[in-house]
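Below you'll find only one chain, the form predicted on its own, shown as structure tokens.
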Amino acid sequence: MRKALAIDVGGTKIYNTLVNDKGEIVGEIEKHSTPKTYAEIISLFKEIIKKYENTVDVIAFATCGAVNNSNDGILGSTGNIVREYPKTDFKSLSTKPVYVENDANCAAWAEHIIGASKNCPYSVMLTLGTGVGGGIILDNRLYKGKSGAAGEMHFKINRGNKRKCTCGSSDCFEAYASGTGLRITAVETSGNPDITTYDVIEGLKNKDEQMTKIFDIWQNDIINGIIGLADIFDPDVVVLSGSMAEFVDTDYITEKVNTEIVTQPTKVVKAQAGNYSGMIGAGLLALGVKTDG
């Protein structure tokens, strides 16, 4: 059975493990703090690869940042990792083939092959965390656009608040639908600058009226974004993953979305591929695992 060394690169943590061509994790999951300098990042990559290179068929990176269509380089700075990171020459890191893909795209592929969107030729995945990631599957293929940067969730859902987004623009979907967006909505609604997402979730569990109202505003922002995505891509399913997806009501979201879209009905579900879907998807992509479609 073929195996990939999968490395998940984030701004604060780097994980690695072994993934086989069935999408199974078959090695120890190792966790490292993301180094603060570029030289240290490259050194860590080489250390990980040296340890496993002779036991795998390919090296697979799931990384923060948009990745080019040749799957060997990053298109620009990601903002949450050292500035020099995009200049990494990934292919030079190993004598084995090296494959690189955006982490959200990798997670979307894992859901497509073994998870919540399995057997669905058309799907959109949203990762709801500190920010919002996205991956799009069209006709059983990962859609990357002309340059590789497709799937960025920075389209406008302007309510006139001029809410600043991490991309440098304002009033983007990410600025509302992320965990950060929930906190800002909570501050705006309550007038309390110290309120946290934890406060909102705990209040929701305890049926606090104000916290429930805040959560409903945030969830409706997610719905508005999904309506736009469903109208554009006409997906079989929209998959929600990430730490904040745990709290949403997918049945309610599905009902509301389907009352407003002009395409055929879709469904909204929670991800099933697990916390390490980025590494699983990277391994499957690097190993060339596809559906029968």
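Numbering starts at 1 and follows the sequence shown. Predicted, not measured: the structure shown is a model, and the values here were computed from it.
Just so it is clear, the following notes concern the form predicted together with a further copy of the same chain, a form of the same protein that is not shown.
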Task: Candidate site Ile49, Val82 and Ser117: all three near a further copy of the same chain in the predicted complex by heavy atom within 4.5 Å - done: no
Open item on the list: Please identify the residue among Ala150, Leu204, Leu93, Val187 with any heavy atom within 4.5 Å of a further copy of the same chain in the predicted complex.
Closed with: Ala150
TODO: Quick one: from Ser169, Gln210, Asn192, Thr196, grab the residue that has a heavy atom within 4.5 Å of a further copy of the same chain in the predicted complex.
DONE: Ser169
Open item on the list: Given a 4.5 Å cut-off on heavy atoms, tell me which of 125-133, 141-149, 82-90, 97-105 is the interface stretch with a further copy of the same chain in the predicted complex.
Closed with: 141-149
Open item on the list: So in the predicted complex, is a further copy of the same chain close enough to Glu255 to count as touching (4.5 Å, heavy atoms)?
Closed with: no
Task: Contact of Asp57 with a further copy of the same chain in the predicted complex (heavy atom, 4.5 Å) - done: no
TODO: May I ask you to state whether Arg183 is within 4.5 Å of a further copy of the same chain in the predicted complex, using heavy atom distances?
DONE: no
TODO: Would you check, heavy atoms only and a 4.5 Å threshold, whether Gly228 touches a further copy of the same chain in the predicted complex?
DONE: yes
Open item on the list: Heavy atom within 4.5 Å of a further copy of the same chain in the predicted complex: which residues of 228-256 meet that condition, in order?
Closed with: Gly228, Leu229, Asp231, Ile232, Phe233, Asp234, Pro235, Asp236
